[in-house]
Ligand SMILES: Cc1ncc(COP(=O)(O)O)c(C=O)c1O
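Only one chain comes next, encoded as structure tokens, the form predicted on its own.
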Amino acid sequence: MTVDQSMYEALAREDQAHLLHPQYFAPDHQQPVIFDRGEGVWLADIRGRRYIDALASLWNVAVGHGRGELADAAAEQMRKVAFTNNYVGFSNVPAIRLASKVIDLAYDNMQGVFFTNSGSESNEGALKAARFYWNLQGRPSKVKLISRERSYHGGTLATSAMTGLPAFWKGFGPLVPEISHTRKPENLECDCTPNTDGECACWIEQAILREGPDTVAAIIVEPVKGAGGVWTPAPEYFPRVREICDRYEVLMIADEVITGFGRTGRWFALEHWGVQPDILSIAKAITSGYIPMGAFIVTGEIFEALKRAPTDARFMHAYTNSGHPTAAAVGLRNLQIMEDEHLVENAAAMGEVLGDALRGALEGHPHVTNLRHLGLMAGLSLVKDAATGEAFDPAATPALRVQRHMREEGGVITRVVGDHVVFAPPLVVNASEIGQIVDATRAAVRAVTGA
């Protein structure tokens, strides 16, 4: 589909008249890019302009755009049945098989899968499961959840409260009171190596002690803080967090909505540090975004507790579309593509190419600092002075201008968070395409900063 300017303007007016967008701010949609189709890492808009999708659309299009195999899987399942519910006494074949496949790929201690429609629902369900588990253990006071600064966990009321980015709280209060966040402890001597955003493992321990271990059900952590700016952990961070959780009898929820299914060069990111969570949240790449789906996954211990629950303690958590047969069929075919095409291994290899290319292009730049990456997740920070770390005046909006230049001049779509530019291309990306992404980034940084 290619349209002329008058048709584009008519569609843009219709968009503005009726479509309430995520994270809505009306001026953002005066001149929208209206996408039409995609193939591999490429997207095309309705005016025929092509772009490299350097964020896998929203971290989720792992196997790339235009995969006819996934359309075929959906159509085949839809021809069989519209929908079957997974409530009391019912199931369907794709959901059964996808649950088994996910367990095969996930951490060794995982056993029970509850399917959702999104990462937000997955994290909401993970919190409910943690509270429910402690109730079954006769410890109903353990209801609180601790999250981290700069984390992102979703858009429901509870997951907005989990999110450690204050912009997502404004106007939606009061927030859920039993959810609190880590913060840098005052007057505490810490022997931790800080993460790339400055956070240390001792912050979590101090938050648990501040709230009282007997009241804390769980912590929730992203292995790499994605939407908050792609912040990577120190090597010892997660082993120490796991030890803290065990010592204070607090469940660890791993939010792998972004990092799950190969994004970091492992099937799941905590594998990098030999750590296993108690509850695992997934979404996005399980279907590569071709159809909405997510899940939260629990350990054998938690699953057995739910199975042994008495009649008056039924786990009354449900979504109409939990285990939707079409979504499950697409998920199965998507994971088969990942295995057949060795996309997790490609993510590891191309992640090194991306990291090396960004460092080669921008390391030592007077306005770039904190280059970081893990697998096919990367980020950089724009500053007024890299030598001192002095930030730009907020009114300067350098990252937004870099993003716009990359899109309009370099044909690359990506995302910015404050003064940070982030990257997460589809797992099918090749070295030549990474070169184009980095070239567009370098040109944009030069154009915006003059250096």
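Position 1 is the first residue in the sequence shown; the rest follow in order. What you see is a predicted model, and the numbers here were worked out from it, not measured in a lab.
As for the form predicted in complex with the ligand, it is not shown, yet the points below apply to it.
- Residue contact check for T299: none of its heavy atoms lie within 4.5 Å of the ligand in the model of the complex.
- Proximity of Y152 to the ligand in the model of the complex: non-hydrogen atoms within 4.5 Å are present.
- Interface membership of S118, defined by any non-hydrogen atom within 4.5 Å of the ligand in the model of the complex, is confirmed.
- R263 falls outside the set of residues with a heavy atom inside 4.5 Å of the ligand in the model of the complex.
- Picking from 232 to 240, 341 to 349, 255 to 263, 203 to 211 the stretch near the ligand in the model of the complex, with a 4.5 Å limit on heavy atoms, gives 255 to 263.
- The single residue of 283 to 308 lying near the ligand in the model of the complex is K284, the criterion being any heavy atom within 4.5 Å.
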